[in-house]
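A single chain comes next, written as structure tokens; it is the form predicted alone.
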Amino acid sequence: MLEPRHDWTLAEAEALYALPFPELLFRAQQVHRAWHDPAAVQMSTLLSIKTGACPEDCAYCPQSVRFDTGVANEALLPLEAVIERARAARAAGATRFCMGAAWRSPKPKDLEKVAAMVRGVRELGLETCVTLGMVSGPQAQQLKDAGLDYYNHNLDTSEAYYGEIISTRSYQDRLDTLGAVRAAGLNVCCGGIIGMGESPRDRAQLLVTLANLPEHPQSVPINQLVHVPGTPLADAAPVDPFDFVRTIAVARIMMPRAQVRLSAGRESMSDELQALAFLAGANSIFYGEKLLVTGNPDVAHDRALLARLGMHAEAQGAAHAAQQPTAAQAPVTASAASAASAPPLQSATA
């Protein structure tokens, strides 16, 4: 059995990216089947509980107060409205309810309100996740005590390219928040964005950073940049779809236990591209008509796509079963056991 590693090198990650596309997907699928049900997809719903006027300058974000994107500044939603949306998400088949607030860091009075939301959503039987910006150790513990399951805080890109995208928060700030979240015993949801002008090396380095954390993130969202008018990245060059799928596949090989999530950008992805992403090891999606303030495929379309592929929504709580492989899943062959560290085929470097 190939055990998860925390000593990946950039050269190893780049070698995986350089594999011929069919070989990379084959290796990713072998790893995926060893740890997960290959036909199951975890369904999450994301609600913006506090929209707009974020003081940060993330070049991709329509909620930054620094950019004119037409997104209004809205107050924190009342508890009752959040619980009603969580009930609707559960009825639509979501098993995890994620709440996002456009803050640099939550204030004490706001954090207590979010903690009440977490408690209310947990009472509905849903897994809970929040993304609130930077948090300290005591703040992470307060959320843990309220029953929070996951905290999302993305690294976005490599440390080398990070300064091209964000100047108001350092890379170390993000790593410190991840450390506080892990120390509180929360599951970590952390990934990045593809298509911001970064190089293939930046993508490989992002995955190396994630895979070499003391514990792999339990969820790894891979976002495709949404080109929002008014943001500095509105006119960024589109991502080659195969490059996007390669990123999914390499993430799956390097972090075998994680749920790899198709996140932002799905609205512009064809059904065929999403099917390739599932084949490459993606096994989680954001489910619903809106992802914070940008579009997302609607529920009916997602259900129809999974039905066409013979796939199904993961049952509540099944995510935790992926922490250990089960006998019901395909065993790892000798070739699969070396998939993560094997060098690329000769043709890949010719």
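Just so you know, these numbers come straight off a predicted model, no measurement behind them. Don't overthink the numbering: it's just position in the shown sequence, from 1.
Omitted here: the form predicted together with S-adenosylmethionine. The next part is about that form.
- Only one of the listed residues (Pro232, Gly120, Gly133, Gly93) places a non-hydrogen atom within 4.5 angstroms of S-adenosylmethionine in the model of the complex, and that residue is Gly133.
- In terms of contact with S-adenosylmethionine in the model of the complex, the residue from Asn154, Gln274, Thr209, Gln142 that brings a heavy atom within 4.5 Å is Asn154.
- In the model of the complex, at least one heavy atom of Ala264 sits within 4.5 Å of a heavy atom of S-adenosylmethionine.
- In the model of the complex, S-adenosylmethionine lies farther than 4.5 Å from every heavy atom of Leu186.
- Although the partner is absent here, Cys61 sits close enough that one of its heavy atoms falls within 4.5 Å of S-adenosylmethionine in the model of the complex.
- Using a 4.5 angstroms limit between non-hydrogen atoms, Ala180 is distant from S-adenosylmethionine in the model of the complex.
- Using a 4.5 Å heavy atom cutoff, Trp103, Arg174 and Ile193 all lie near S-adenosylmethionine in the model of the complex.
- Residues placing heavy atoms within 4.5 Å of S-adenosylmethionine in the model of the complex fall in a single listed stretch, namely 216-224, out of 250-258, 73-81, 216-224, 108-116.
- In the model of the complex, S-adenosylmethionine lies within 4.5 angstroms of a heavy atom of only one residue of 227-248, namely Val228.
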